[in-house]
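A lone chain, given as structure tokens: the form predicted on its own.
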């Protein structure tokens, strides 16, 4: 699946540099099959968030090619759902209106107000925050804001779903609940997903494959390690942590971290 004619997201020789010339990403090559979930882990400065921003179209200057289903990503009207670390909610809009405006933009001309209301109600209910529709983001807890951001991303029915450490600030119970919700919603409405996390356990619990980014260096030329995680991904969520496959994957990732992040 290395050619640009493959279905899914193809990243070829992606290069991103700061204004001072230091490379954040250098010659990154990655193929994410359509409807696949890849989790991405890496140390600070390895370019995880930069990768998502480039795919989302938030970085006008980069080298290399980004294709989706065989066509340049910028030339294709691809719906992209992004859940940034800071949630990305408009503080002057209610929870309901934050999702509504995203639907108006991402799915312009598809259905009317009734169709949008159906989607908004569906995903607020799925995230357990239907009662917060009239609230403003600043009146919500971090976990509640995160649920709104994820509901918004799923509501637009994206072809590509990008999540940047979405659960990092949450307590363990809330985090586990949202992990389950994320997987359940993805199964109902599959998207090509890249999920950035700093947590090894989360990477193993959620990803079909795990991308281990190299440490950030000035040349940034080292290729990431891509690990098959299908043995864990195929298990029921509650059985994953106790499986031999989970234990072995955790050991494998930590060996890579020790070898390449130091």
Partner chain sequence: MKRRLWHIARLLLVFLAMNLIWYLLYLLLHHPILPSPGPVYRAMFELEGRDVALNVGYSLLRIFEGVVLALVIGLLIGLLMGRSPFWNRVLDPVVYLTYPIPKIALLPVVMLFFGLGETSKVLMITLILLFQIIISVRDGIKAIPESTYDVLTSIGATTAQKFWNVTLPGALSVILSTIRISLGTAISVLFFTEIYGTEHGMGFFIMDAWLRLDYSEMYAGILLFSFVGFVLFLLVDLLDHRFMKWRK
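Predicted, not measured: the structure shown is a model, and the values here were computed from it. Residue numbers count along the first chain shown, from 1.
The discussion below concerns the form predicted in complex with its partner chain, not included here.
Single option in 115, 181, 130, 106 placed near its partner chain in the predicted complex, where near means a heavy atom within 4.5 Å: Flagged contact: 106.
Single option in 126, 170, 102, 191 placed near its partner chain in the predicted complex, where near means a heavy atom within 4.5 Å: Checked against the cut-off, the match is 102.
Among 183 to 191, 117 to 125, 170 to 178, 130 to 138, the region lying within 4.5 Å of its partner chain in the predicted complex by heavy atom distance: Selected range: 130 to 138.
Non-hydrogen atom within 4.5 Å of its partner chain in the predicted complex for each of 53, 80 and 90: Checked in the predicted complex: all three residues contact its partner chain.
Exercise: residue 76 in contact with its partner chain in the predicted complex, heavy atom 4.5 Å: Within the cut-off, so yes.
Touches its partner chain in the predicted complex: residue 57 (any heavy atom, 4.5 Å): Taking the distances in the predicted complex, the answer for residue 57 is yes, it comes within 4.5 Å of its partner chain.
Its partner chain contact at residue 147 in the predicted complex, heavy atom, 4.5 Å: Flag for residue 147 set to no.
Partner contact for residue 84 in the predicted complex: its partner chain, 4.5 angstroms, heavy atom: Contact check for residue 84: yes, within 4.5 Å of its partner chain in the predicted complex.
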